[in-house]
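Only one chain comes next, encoded as structure tokens, the form predicted on its own.
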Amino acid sequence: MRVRPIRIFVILVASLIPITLAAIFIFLTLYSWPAIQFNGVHFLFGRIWDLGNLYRNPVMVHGTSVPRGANYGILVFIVGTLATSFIALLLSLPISLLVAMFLAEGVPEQFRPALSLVVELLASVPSVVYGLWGYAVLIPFVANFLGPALASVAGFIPFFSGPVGSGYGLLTASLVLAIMTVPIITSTVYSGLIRVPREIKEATFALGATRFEVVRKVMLPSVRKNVIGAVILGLGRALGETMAVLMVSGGALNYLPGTIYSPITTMAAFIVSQLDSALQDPTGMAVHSLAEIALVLLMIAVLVNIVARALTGGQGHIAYG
């Protein structure tokens, strides 16, 4: 059987995606290997990140040259990453579903393209713009209004008790991420809702169902895979977001958040904020440890996509960080 050139070209182009992913994984593994050997399992469960004394001669530990007193633990950053992403999805998912339902059934058909375009444009806004808005508007709002109100209403729950602080922290970072993920989830769910066959909707209306019941009981269940895919896409955006979180999170080091108002740091934001300091390490161990953080973040993203494929029966969506 003759193989057509176009078929070979398509196969080669399609192979670029897994090859690129494998290349990134191999590069991060090799580059961070000295840190993997030095840090061990402590890297994932340690709470202290300390570059050590960079101005004295390094010492040899298990055959590896490291600064005196160096200690690399990222549990704080893992908790910050997962906590902000979870809270952001908890806030953005119901809003996104309601907006998608409104666009699909609550808006006259001639206005849907323009309104859906607005939602898609929100998804294309650079993250640093969201971060600057969060710094200028959201931080004072959380510190002066939302935080005190939440503490007064739900303060009997330790996680929501005060003090509120300056506005930097887990709550503000989660709100920024929620706003950033709403357009992604909304557009994905909306694209599924508008493809539901008209005959199914008309048959449900004929049975006496209201428009909201048609959307909630017929249309949403039929696009379950789209909803799961949208959640995974939103989660991927939240996990990998850097600049916006860096500008509003407070940059906490070496302690776990005690309340929703506590300053935090995510893995992606920490890599950016600490790269310049890590480059001052003459042994290079700090930079290798940052690469190990990137490797852990990549593995979390891959795990998220594996779970997505399992939930959608093999029709997963790529979660971009």
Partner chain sequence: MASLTSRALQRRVYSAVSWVLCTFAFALVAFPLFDILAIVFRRGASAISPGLFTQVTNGISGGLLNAIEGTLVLSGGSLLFAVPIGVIAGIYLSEYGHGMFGKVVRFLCDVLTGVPSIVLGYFAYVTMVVELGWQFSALAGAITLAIMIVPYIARFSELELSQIPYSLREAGYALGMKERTVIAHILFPIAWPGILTGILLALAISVGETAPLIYTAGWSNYMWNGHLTKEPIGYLTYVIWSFINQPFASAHALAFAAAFLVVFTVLLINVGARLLVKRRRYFE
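As the structure is a computational prediction, the values presented were derived from the model and not from experiment. Positions refer to the first chain, counted from 1.
One more form of this protein should be noted, the form predicted together with its partner chain, which is absent from this view; the next part is about it.
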Check your understanding: Is residue 72 close to its partner chain in the model of the complex, meaning a heavy atom pair under 4.5 Å apart or at it?
Key -> no
Check your understanding: How about residue 147: is it within 4.5 Å of its partner chain in the model of the complex, going by heavy atoms?
Key -> no
Check your understanding: residue 124 near its partner chain in the model of the complex, any heavy atom under 4.5 Å?
Key -> yes
Exercise for review: Would you check, heavy atoms only and a 4.5 Å threshold, whether residue 31 touches its partner chain in the model of the complex?
Suggested key: yes
Exercise for review: Tell me, out of 193, 103, 227, 87, which residue has a non-hydrogen atom within 4.5 angstroms of its partner chain in the model of the complex.
Suggested key: 103
Review point. Has each of 154, 159 and 260 got a heavy atom lying within 4.5 angstroms of its partner chain in the model of the complex?
Key: no
Revision key, fill the gap. Contact check, 124 to 149 vs its partner chain in the model of the complex, heavy atom within 4.5 Å, ordered by sequence, gives 124, 125, 126, 128, 129, 130, 132, 133, 135, 136, 137
